[in-house]
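Below you'll find only one chain, the form predicted on its own, shown as structure tokens.
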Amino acid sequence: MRPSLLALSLTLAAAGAHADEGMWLPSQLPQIATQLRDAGFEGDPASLADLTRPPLNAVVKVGGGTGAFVSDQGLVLTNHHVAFGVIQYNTSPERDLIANGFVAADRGDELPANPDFRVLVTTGFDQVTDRVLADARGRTGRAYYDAVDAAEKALVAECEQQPGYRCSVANMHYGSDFYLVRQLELRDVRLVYAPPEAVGNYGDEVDNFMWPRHSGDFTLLRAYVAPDGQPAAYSPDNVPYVPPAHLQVSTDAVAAGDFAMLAGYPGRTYRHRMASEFASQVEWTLPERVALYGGLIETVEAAIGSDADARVKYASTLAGLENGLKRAEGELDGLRRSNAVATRQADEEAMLAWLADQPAARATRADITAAQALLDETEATRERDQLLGAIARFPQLLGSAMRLQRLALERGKPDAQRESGYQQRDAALIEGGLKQVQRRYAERVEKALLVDLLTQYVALPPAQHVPEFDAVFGGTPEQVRANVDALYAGTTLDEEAERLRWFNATPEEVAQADDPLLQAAARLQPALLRLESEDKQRAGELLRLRPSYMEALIGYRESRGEAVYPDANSTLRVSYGQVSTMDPRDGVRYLPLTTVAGIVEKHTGVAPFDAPRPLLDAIAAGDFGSTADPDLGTQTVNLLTNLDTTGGNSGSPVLDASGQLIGLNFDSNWEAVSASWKFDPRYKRAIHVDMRYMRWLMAKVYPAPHLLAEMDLPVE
């Protein structure tokens, strides 16, 4: 049996990595205790390995990002953009919380989040590799995938026997090790405090991924539970959740060179992928994503036009597309700047040369070659796969029809045999998603978006066409427009009551539905299932073969005295470093702190640099009190560190040497967007809201003295 690669990498952790590099598992931190102390950490590194102890038990997964408890009454601090869907959900043309912000006067004034929004508190992280792979060993392809899938579902079902918990299995080192993650699922989350968008997203896409930055990207939420302390859906009778610990916001100054540590739930990194995957990312994936997202933004904007209601409904969609576009542009630019493809190819060639002299080299090399062949196969349909993925993701009504048809199919099976995402444990999330469609849908905009995607699809070479899609939507742009018009003219899925009626219907009733979108989804479903089966066949083989590549990579790194931390996979990670300057190019230095002077300098009176009048007046008054920086003599806004972050780290707390909260992560600099694939210490920086700016805004600009008092902060 292959030894645990994660265990192997743990033994190497102290061998040497840049102090500012690494998204470390908490269990790895005791092995790098010396480096942590040398960097300035004043706490006990061993305590960081225990997820049930402070400070890590105060760090939570919030929506698609991270957050942290900052009071003993369930108050959660996260980014404005992480909670933007919650703000948008509660916004209407009559009550524009996006533009005006929101301050709950008391608990009764707090607003419920969208029904599928969650706060997850990690309470367990246990290795389950042997159980996951027990029945998979000796199998290949789809059989390997199904064995792993069945084992994971069994572990999750066993874990979730205790009500109120959401469990999952995390895959480390691409199929080498597996961990069971146990999380308390807080389902009643409410909006407490949000600055206006012109503060929370000052600079918008112009400033996105840029330094210097001047954004108050923070929001406060509150988690509630039933009166008996158990997680529950929203109810006016619920009470604030009492967390096991909460972070204390620091009142100290911050300066270059200070120790900084970040904890959060980074989404995905790909630093240990094969060299061919690096090349594909640069040569095809990123350029095509830029083209796709750019086109969709133009389509949505044109369809919205001057419709204020549609603009509110598509605010979150546009924000996601714009962020994805700029991220793809920055990632492409960064990977080229770092010469990532050539560097990774040379590194892989050196690894394979080292491997040739190792025991069992032939079998390991055979697995690597087989994995490469599978990756090569995906290139034949990658254009189609990208478009079909977007068609399933972006249209709200068509997506709802697809989910309802798949749910009806899965409900005809025993729960353990259902597809992940459609089991009984997922019913509340599916229902919540169906409920909020109304807040994010306008017929004219959705039809324009869908026609755009389908027009690109019909232009693909015939070999990439899917018969069922051609039958439903047609084979020419004219047929696409006519068929989309007909489908949307006859559907009633734009009514919440109808969506929920079909959600509660029996599989037989759904099969007999006369709604045109449900009928279309039924005709598409065989194709979707067929393509899914092909994906699972390939995924099973890669799950079986990739550990050989990782075993060779870790062995090669060990021979060079280097450490390997697992690629990020939405599990809790810790990175550490310092408040830092940066020299991005000749003659240019990024200072680590920005101030309110930059807000005034950028202000044009036109979005995205239209600073609100209360903010400008407060800056002009110069009343900064104890939040002013003692050296700069003015109010700071954002700070820069060399912490290792990626998507999903949005909202991650940044702690000082004593574990107090000094910053809230919200972005990376343009030069570092490519860090999800390649870490370059010359350029990798992370951008955070300075907690002194949050305190000043809450004290002087959009006052919330009751919340400052709750966080044990000066009310001045």
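Note that residue numbering begins at 1 and tracks the sequence as displayed. Keep in mind that this is a model prediction, so the values were computed, not measured.
Absent from the display: the form predicted together with another copy of the chain. The rest refers to it.
Put simply, of Leu375, Ala291, Leu591, Val103 only one has a heavy atom within 4.5 Å of another copy of the chain in the predicted bound form, and it is Leu591. With the partner omitted from this view, the residue of Asp357, Glu601, Glu508, Glu478 that lies near another copy of the chain in the predicted bound form is Glu601 [heavy atom within 4.5 Å]. The closest heavy atom approach of Arg585 to another copy of the chain in the predicted bound form falls within 4.5 Å. At a distance threshold of 4.5 angstroms between non-hydrogen atoms, Trp211 is in contact with another copy of the chain in the predicted bound form. Within 4.5 Å of some heavy atom of another copy of the chain in the predicted bound form lies at least one heavy atom of Thr595.
Of the candidate stretches 116-124, 457-465, 577-585, 278-286, only 577-585 contains residues with a heavy atom within 4.5 Å of another copy of the chain in the predicted bound form. Heavy atoms closer than or equal to 4.5 Å to another copy of the chain in the predicted bound form belong, across 677-700, to one residue only: Arg682.
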